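Just one chain follows, in the form predicted on its own, and it is written as structure tokens.
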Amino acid sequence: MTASPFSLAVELDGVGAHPGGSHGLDAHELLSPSRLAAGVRAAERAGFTAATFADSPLSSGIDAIQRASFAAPQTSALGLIPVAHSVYSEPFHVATQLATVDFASYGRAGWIVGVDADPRIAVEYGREAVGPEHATAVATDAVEVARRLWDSWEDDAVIRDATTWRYLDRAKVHYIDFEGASFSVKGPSIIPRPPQGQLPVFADASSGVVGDVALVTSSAEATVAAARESGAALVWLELEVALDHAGLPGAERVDRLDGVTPWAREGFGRYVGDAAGLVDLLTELAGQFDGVRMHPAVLAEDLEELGRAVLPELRRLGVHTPPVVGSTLRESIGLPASVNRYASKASA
């Protein structure tokens, strides 16, 4: 076992990871608030540490940050981690939007850094397209800007002193003065420091961006070691899951869905089988990783099996502990409390 708690997250985008699962379903229904609310409540009841929300600027749907904000009052312990794109978007707005999710959820928000240089996304934002290396550099700067902005208000900057009509102590609100190769940001933020101080930042280990949590697609020792050496505090594995359901073996379910649309390999690990086998696999992975993010083949079916037969058994075995109401996402996944960089300088 690793020293941190073993976290389990579930991706809740659309109908699930298998492209054949959405066949015959109404597109409007897939994006409905009731469907999203049902998904996050089911994930919380199952005992997942967090839910993640994929995003594509090329789609016409509600973006992931808005879906996470909507999910905040629907849940009380579940972490909420949206993808927010960082290459062509305004880093100042991304930082404040994510901080707002953290306020709405009382400290349960995180950020999966989207690093996609797709020229079509550049068109959506009215920007010039950049290459992959430049995209990594811009995304790295965007993360640094967000971290500085989240610290730009000290925790006790808001004083609400009615006798002097002062809302805040301006000496505790700081310019961030970021100067990067592609942009600069003066700051400070337009909202106070979020409840967690610093939201946990998640990044695909292959993207070149270093977050608090590295997402890897391989359990090879060299891959895991490289992710840890990059500076990420935690390493989570990406895993696609198709379980036996309603009398149908997982393999048969996948075969039927493949007959509609083949399930291409995206580089993620994939488990197809019964719940007991997945329990054994996750128990083994708990000794190597700090967490696993699962991508159910069909949410309506696999999430039910995960909540019925997998997470309860992992809880019984002491492998996984559900998040506690009132805990922050940082606490739930095993990150220490964040220290405000500007407060440290002021008190030095």
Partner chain sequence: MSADRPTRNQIQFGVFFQGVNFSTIWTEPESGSQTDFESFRRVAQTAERGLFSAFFLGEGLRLREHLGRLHDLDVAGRPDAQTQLAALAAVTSKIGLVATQNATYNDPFDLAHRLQSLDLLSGGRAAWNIVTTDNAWTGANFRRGGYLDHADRYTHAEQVVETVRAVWDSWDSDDRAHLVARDFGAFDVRGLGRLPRSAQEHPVLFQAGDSDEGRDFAARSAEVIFSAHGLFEPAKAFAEDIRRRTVAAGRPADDLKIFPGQQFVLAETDAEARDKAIWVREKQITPATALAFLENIWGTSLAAYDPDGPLPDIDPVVEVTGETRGAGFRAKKTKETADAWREQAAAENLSIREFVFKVGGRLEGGIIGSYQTVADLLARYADEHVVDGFNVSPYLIPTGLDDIVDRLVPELQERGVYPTEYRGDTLREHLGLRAPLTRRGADADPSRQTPSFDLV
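Model, not experiment: these values are computed from the prediction. What we label the rigid core is the largest C-alpha set whose atoms superpose within 1.5 Å from one form to the other. Numbering follows the first chain given and starts at 1.
There is also a form predicted together with its partner chain; it is not shown, and the following applies to it.
With its partner chain omitted here, the record of contacts in the model of the complex names 94 to 102 of 94 to 102, 202 to 210, 240 to 248, 261 to 269, defined by a heavy atom within 4.5 Å.
In the model of the complex, none of the heavy atoms of residue 312 sits within 4.5 Å of a heavy atom of its partner chain. Its partner chain in the model of the complex is approached by residue 57, whose closest heavy atom lies within 4.5 angstroms of it.
Contact check for residue 131: every heavy atom lies farther than 4.5 Å from its partner chain in the model of the complex. Contact between residue 276 and its partner chain in the model of the complex is not found at the 4.5 Å heavy atom cutoff. Exactly one listed residue, out of 198, 223, 74, 136, brings a non-hydrogen atom to within 4.5 Å of its partner chain in the model of the complex: 74. Residues of 144 to 175 that come within 4.5 Å of its partner chain in the model of the complex, judged by any heavy atom, are 153, 160, 161, 162, 164, 165, 166, 167, 168, 170, 173, 175 in sequence order. The Cα position of residue 171 differs by less than 2 Å between the shown form and the other one after fitting on the rigid core.
Once the rigid core is used as the reference frame, the Cα position of residue 162 differs between the shown form and the other one by 2 Å or more.
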